[in-house]
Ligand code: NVA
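Single chain ahead, written as structure tokens, the form predicted on its own.
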């Protein structure tokens, strides 16, 4: 059973295949208008979403399928009346594909372990592979290639997007520098850094974790940031986190350190004046809305590829 749990599990060849399929879907959507006719996608949400829900549900509909929105907060699973293993066994009897956006990555792993249909990680506290596939699609679309480029990530290093960027960039030959505050609470998980370094040795890329924003941003082809207040961060921590992350804010001065034609990316939502200034977010270098659109095309490609791999008799 092929799932999408983490980009660590997907070889570079499979990532490239899905990116190529996403390009084809974007260029000729009508060719895929009936590709999943009669198929049902179950969308399990524990965390709120704008782009993830709309892009997956729209993608399934545009390809002739059907999507079900399932709120964990009002379900037996979310209230503790049913366990993950039993839920997985039941839903596998009803639907063809499961997409889950959960807090705890271990729950997603367990869901995939017991499911007999493909499971897609649409975000956990550990990784966000669907977002980074859309990011890679956008970078290649704008730059014409992936291998040999330099991506700088600034801000919270200990989050799901950072982890998936490290793995995805390393596998696809993109040099990645993460600029973040010192300390375990703000740095990428050591096991992710080790895995990314191993993949980078295979692809010829480089991985660097630095606590100097300028070192991360210098000559970068892509400058990327994400929220300083992820969903799991308590609002009471805002002041302290703003103090910690302010030196890593993407502003006009930092963008000048990057390559003249550098792209600015943020997976959204973005708060102007926090992780980036309004000047950067609204600048011609910003591709955040192209990046958001490409979630639709990549999600279609993921569904197509997983359903192709996991044909039920």
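Just so we're clear, the structure is a prediction, and the values are computed from it rather than from any experiment. Positions refer to the first chain, counted from 1.
Here the subject shifts to the form predicted together with ligand NVA, a form of this protein not shown in this document.
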Based on heavy atom distances of 4.5 Å or less, which listed stretch (110 to 118, 85 to 93, 208 to 216, 223 to 231) is in contact with ligand NVA in the predicted bound form? 223 to 231
Answer yes if any heavy atom of residue 278 is within 4.5 Å of a heavy atom of ligand NVA in the predicted bound form; otherwise answer no. no
Mark residue 267 yes when one of its heavy atoms lies within 4.5 Å of a heavy atom of ligand NVA in the predicted bound form, and no otherwise. yes
Give a yes/no on whether residue 160 approaches ligand NVA to within 4.5 Å in the predicted bound form, heavy atoms considered. yes
With a 4.5 Å heavy atom cut-off, would you call residue 137 a contact of ligand NVA in the predicted bound form? no
Proximity to ligand NVA in the predicted bound form, single hit among 123, 98, 146, 178 (heavy atom within 4.5 Å): 123
